[in-house]
Ligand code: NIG
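Quick setup: one chain, the form predicted alone, written in structure tokens, and binding and motion questions come after.
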């Protein structure tokens, strides 16, 4: 039986609060406890809060002590939007974009999503799993303890299923918790570019049932955008996901406004992601519904695009999450600290709001809010210790991870120093 007592947390951010995604002013509360402590047994939190209270727990005396050294301790980051399964980076696209090439020009020259598709189709499942496991270690080093892993670079039944199987394979090689999402509707495959109806049917009638049958995916996602998938097609894919017993997520209002937010909220999508072009009616829908607004400003930074309306979403009462959108084409960033910095400096989120968005709201954006994202009894023992005396230092400084140690399910899985026992 593994039992750990984390002591001497100069600031412990419990994120304790309502049993729901945090909205509006709720996002400003991080459950700050000075001289805090947490008790974890067999991967589950038994107690967290004031040191004196935690020490009174009847199992505290027999626990192995982990000394936080007066630093900041908080829940592990829950990264609710990522595309971490690919064969190689798109360096040629990066250079071409810097020289002024447009997305269409890059795609016409053989780059873009389809270049990654070609690489993934040619890779063995074992290669993809090993690559994902290597990336997983970098996420752990940056304090992420739960990560969504989307498919979407296969665009045919065989390769999409291969990608999802690689997530399962990587899960046995890393302590990082991976949440698989089927994104077969990411783009039209080149062989069916003039037969979109055939491909939508393949997604609905073959991919989704296959992923559900093998229990390879928890969610289905779709890129609802001009030139990709229409609102009507996205609705059909959502309905197919529901029939298969899978949750639904959507790339919404990213490059243009499609009206997909209304459909997502009405259809109980767990999250609507990107939202760069969301308008006042979308914000109202998100504030009144249960769908989490998942913002991925790292891609806007990398592409030099305007940022999503985080301030208006929060002030309007929506529940906002932050994620990396890690992928080989538009956001090669796995460090949540950089995302937090961008959120604060470019989208005017406060440090408290940003940290709430990357922990408890990230958990709700993956359907894990009742078990992850905050330090409360009964929840997962996922904690990180930052080399900081004040939690506001986390988004204030950038350029290095700042994570001293990462604990997943009560076990230290990354540390930059010998544990202080």
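No experiment lies behind these values; they were computed from the predicted model shown. Numbering follows the first chain given and starts at 1.
This protein has a second form, the form predicted in complex with N-(iminomethyl)-L-glutamic acid (NIG), left out of what is shown; the following refers to that one.
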Original post:
Looking in the model of the complex, any heavy atom of residue 219 within 4.5 Å of N-(iminomethyl)-L-glutamic acid (NIG)?
Top reply: no
Subject >> 4.5 Å heavy atom contact, residue 103 to N-(iminomethyl)-L-glutamic acid (NIG) in the model of the complex >> reply: yes
Original post:
Does N-(iminomethyl)-L-glutamic acid (NIG) get within 4.5 angstroms of any non-hydrogen atom of residue 274 in the model of the complex?
Top reply: yes
Original post:
Does at least one non-hydrogen atom of residue 330 fall within 4.5 angstroms of N-(iminomethyl)-L-glutamic acid (NIG) in the model of the complex?
Top reply: yes
Subject >> Among 76-84, 236-244, 338-346, 279-287, the region lying within 4.5 Å of N-(iminomethyl)-L-glutamic acid (NIG) in the model of the complex by heavy atom distance >> reply: 76-84
Subject >> Listed residue that, although N-(iminomethyl)-L-glutamic acid (NIG) is not shown, lies within 4.5 Å of it in the model of the complex (heavy atoms), from 113, 313, 123, 129 >> reply: 113
Original post:
Among 223, 248, 199, 334, which has any heavy atom within 4.5 Å of N-(iminomethyl)-L-glutamic acid (NIG) in the model of the complex?
Top reply: 223
**OP:** Scan 9-25 and note down the residues that get a heavy atom within 4.5 Å of N-(iminomethyl)-L-glutamic acid (NIG) in the model of the complex; none is a fine answer too.
**Re:** none
